[in-house]
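Next up is one chain by itself, shown in C-alpha cells, the form predicted alone.
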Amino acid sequence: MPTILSIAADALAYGMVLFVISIGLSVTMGLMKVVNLAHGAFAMIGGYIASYVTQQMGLPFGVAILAAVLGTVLIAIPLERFLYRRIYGARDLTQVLMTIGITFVIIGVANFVMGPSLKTIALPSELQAPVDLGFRTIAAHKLFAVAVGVVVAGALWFIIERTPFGVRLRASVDDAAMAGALGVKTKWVYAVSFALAIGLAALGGVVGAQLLPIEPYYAMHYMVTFLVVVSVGGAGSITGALVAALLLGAVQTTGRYLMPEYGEFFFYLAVIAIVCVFPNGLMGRFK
C-alpha cells in the first residue's frame, strides 16, 4: 500500500505539471484551430527567464513567476501579430511547418543568449522542505504544482464559461464571419487567447522545472508529450486535458517505479490503446 500511495502522489504532481503546460496548447488547437508545435518553446522561455531572475538577479521565486509569464507573453505578442496571424485558418501542414520553424529559431536564440547548459530555478526554502503525508514525505514544490494545476483548471473554466470574453471566444470559433458581423473583434479575441495560452505555457515551464528540467532542447524533447496529452484528452477540453494529463502521468510514473527501463514503453502503449478506443480524444472541446 505505501508503494501505491507513493506512486499516486508522484503521479498527481507530474500529471498536474503536464496539464498546466498542455492546457494552453489545447486552447490554441481546440479553439483557435492552430497546431502550435512551438508551444513547448514558450514554456522553455518562461523557464529561462525564471532561472535568470532567481539565479543571476537573486529575486524571489514569486517575482520570477510573474516575470516569466509577462516576459514570455511580451515576446509572443509580435510573433502572433506578424507570424501566427498569417496561418489562422491555413492548412495543418502549413501551420506545422511554420511552428516548427519558430521552434528552431527560439531554440537557437535561447541557446545563444542563455548558453547551452541546463538551467535551474532557485526555489524558496518553503518549497524545498519535505512534507510528511503520513505514508511518505514529498517535496513541497510537488504539492505546489498540484495546487497551481487546480487553480488553473478552475480559473480557465470560469473564463471560458462564465465571462463575456469566453462568449466572444466561443462565438469566434464557431463562426468567425458571423461573430465579426455582430461586432465581435475576432482578431483581438484571438490575440488575447494566444497570449493566455502562452502565459500558461510559461507558468507550467516554471512550476514544472523540477520535474521537466529546463535544458537546451526542452522544446523538442517534450513537444510530443504535450501533443499526446492534448490528443488523448480532446483538443479544446479543459476536463479532457486534465484527465489525460493525470492518466498518462500515472501510467508513466507507475512504469518508472516498477520497470524503469520500460517507462516510456508503457506511456506510449497507453496512448495507442486510448486513441484506438477514443479516436477523437476522451472528451470534446468546450460546450
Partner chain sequence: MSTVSKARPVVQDMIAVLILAGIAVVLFFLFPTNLALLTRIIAMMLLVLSLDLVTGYSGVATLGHATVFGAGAYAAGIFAAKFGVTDPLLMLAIGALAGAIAGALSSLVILRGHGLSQLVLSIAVVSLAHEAANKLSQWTGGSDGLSGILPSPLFGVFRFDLFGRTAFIMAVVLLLAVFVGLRIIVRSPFGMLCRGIKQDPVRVRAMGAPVYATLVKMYAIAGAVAGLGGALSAIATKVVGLDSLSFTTSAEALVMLVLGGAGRLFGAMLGTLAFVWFEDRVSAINPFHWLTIVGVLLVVVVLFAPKGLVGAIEAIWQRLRRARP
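Positions refer to the first chain, counted from 1. Please read all numbers here as calculations on a predicted model, not as lab measurements.
Form predicted together with its partner chain: not shown, discussed below.
Asker: Only one of these stretches, 81 to 89, 119 to 127, 201 to 209, 148 to 156, has heavy atoms within 4.5 Å of its partner chain in the predicted complex; which one is it?
Answerer: Single hit among the candidates: 81 to 89.
Asker: Give a yes or no for L93: in the predicted complex, does one of its heavy atoms lie within 4.5 Å of a heavy atom belonging to its partner chain?
Answerer: Yes, L93 sits close enough to its partner chain in the predicted complex that at least one of its heavy atoms falls within 4.5 Å.
Asker: In the predicted complex, does M57 have a heavy atom within 4.5 Å of its partner chain?
Answerer: No, M57 stays farther than 4.5 Å from its partner chain in the predicted complex.
Asker: Is there a heavy atom of V271 lying 4.5 Å or less from a heavy atom of its partner chain in the predicted complex?
Answerer: It does: once its partner chain is placed as it appears in the predicted complex, V271 has a heavy atom within 4.5 Å of it.
Asker: Though only this chain appears here, would I100 touch its partner chain in the predicted complex if you measure heavy atom gaps against 4.5 Å?
Answerer: Yes, I100 is a contact residue.
Asker: Just give me the single entry in V251, I238, I65, V228 that has a non-hydrogen atom within 4.5 angstroms of its partner chain in the predicted complex.
Answerer: If I apply the 4.5 Å criterion carefully, the residue I get is V228.
Asker: If you check V109, L133, A181, L74 against its partner chain in the predicted complex, which one has a heavy atom within 4.5 Å?
Answerer: It is V109.
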